[in-house]
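Coming up is one lone chain in C-alpha cells, specifically the form predicted alone.
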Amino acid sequence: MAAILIYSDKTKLAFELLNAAQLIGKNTDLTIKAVSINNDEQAEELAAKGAETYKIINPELNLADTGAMASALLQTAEKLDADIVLLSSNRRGKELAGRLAQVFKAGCLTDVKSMQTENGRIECVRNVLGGATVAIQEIISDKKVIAISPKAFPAAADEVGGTINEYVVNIIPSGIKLIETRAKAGDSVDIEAAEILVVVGQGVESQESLPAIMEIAKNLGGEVACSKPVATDKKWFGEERILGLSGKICKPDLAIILGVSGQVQFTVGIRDAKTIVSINNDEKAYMNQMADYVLIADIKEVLPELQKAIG
C-alpha cells in the first residue's frame, strides 16, 4: 500500500510531521511510516505515538552529509512505496528537501505553514514574494517532498500500535569528507520553541537597555529575539535570535515588539503569533497595524514600568 514517509532529526519536529501526515492520511488510503536515523530514543518515542517506525543505524551515515542522507531516505521511500515525504523546514531540513527531491525526481515545497486535502490533492499554504503575501500551492507530480515549518502543526498524540523495524541502507559516498565538527559560537537559544518572545528592534537605541529587556523576558518565561540589523549591524545578539526571512519563523503565544518598524522581511517571522504587543514611539509604524495592542511611548521610559509590573 502506498505510504507517507516522515523524517526529522529533531524528535519534537518529527511529532509535528506525524500529525501533518495524519491529516493527509485521513482523506486518502495512504499509510504513515516514520524514519529514525542513528537515534534509538527517537525511534522508541515515535513508536509510542503509534507510528510504524523504521530505525536506521549506520555509523557511516552523518547527519551533516545531506547527500548521503538524501540517498538513505530515497532508498527507504522506494522500499516502503512512499510517494510523499514530509520533512521539517528548518535549516538542515530545507537543504535535505532539495537534495531528496532531485534524486527522488519529485516536486518540492518548503516553508509550508498549513495544508488542506481535497479529492486526493494536497494544497500547501506558504509565504511568497518575500513574505509580502500568502499563496496556496500544489505539487502536481506523483512524487512529492514537502518541508513543513516548525510549529505549523501541534505534536501528534500518543497512540497504541506503534512498531519499530530495523532497516539497512547502502551508503553511497557523496564526495564530501567530514573532518571535524565544532559548536557554533554564539547563543544556543531556540526562539522557535519559545511561547513568549520579547523582540528588540532598532528603536531600542541603547545597549544599556538590554539587561532590563533580558530580565523582562526571563520573568515572563520567554526568550529575547531581534530584527536582523540588531544582530548583523549592531552586533548586540547572535544570528540565532533573528526573526524574519533571514532568520526564524516563529508562532509564540505572545510577542512583545520593542521598536520595530515592521518591514515585511521581519513581519513574516512573527505575524502568526497569537497575540502581538507593539511598543513604539512612531505611531505610523506598520508594526502597529499588525499588533493586537499598541503603546506609543519612549521605550526607555516604558522598560522600568514593565519591570515593576512583571516583577
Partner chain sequence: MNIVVAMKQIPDLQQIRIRNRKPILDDVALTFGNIDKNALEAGVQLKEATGSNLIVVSVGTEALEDTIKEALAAGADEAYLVLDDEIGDMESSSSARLIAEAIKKIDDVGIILFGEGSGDNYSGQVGSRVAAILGLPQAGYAKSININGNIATVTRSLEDCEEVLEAELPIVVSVIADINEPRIPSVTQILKAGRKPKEMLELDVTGDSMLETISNLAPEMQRKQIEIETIEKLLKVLENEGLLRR
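Here the rigid core means the biggest group of C-alpha atoms that line up within 1.5 Å when the two forms are laid on top of each other. Numbering follows the first chain given and starts at 1. Predicted model, so just to flag it, every value in this text is computed and none were measured.
Missing here is the form predicted together with the partner chain; even so, the following discussion is about that form.
Residue-level contacts in the predicted bound form: of V160, V168, A157, I140, one residue has a heavy atom within 4.5 Å of the partner chain, and it is I140. L245 is the sole member of I37, L245, I32, A47 with a non-hydrogen atom within 4.5 Å of the partner chain in the predicted bound form. Contact annotation for the candidate site: E16, E118 and E223 all lie away from the partner chain in the predicted bound form (no heavy atom within 4.5 Å). The partner chain in the predicted bound form comes within 4.5 Å of a heavy atom belonging to V302. Within 4.5 Å of some heavy atom of the partner chain in the predicted bound form lies at least one heavy atom of L295. Although the partner is absent here, N288 is a contact residue: one of its heavy atoms lies within 4.5 angstroms of the partner chain in the predicted bound form. The partner chain is not drawn, but in the predicted bound form it has no heavy atom within 4.5 Å of S71.
Shown alone, this chain has one stretch from 205-213, 160-168, 192-200, 74-82 that lies within 4.5 Å of the partner chain in the predicted bound form by heavy atoms: 192-200. Looking at 214-234, the residues that come within 4.5 Å of the partner chain in the predicted bound form, counting any heavy atom, are N219, L220, G221, K228, T232. After superposition on the rigid core, the Cα of A20 moves by less than 2 Å between this form and the one not shown.
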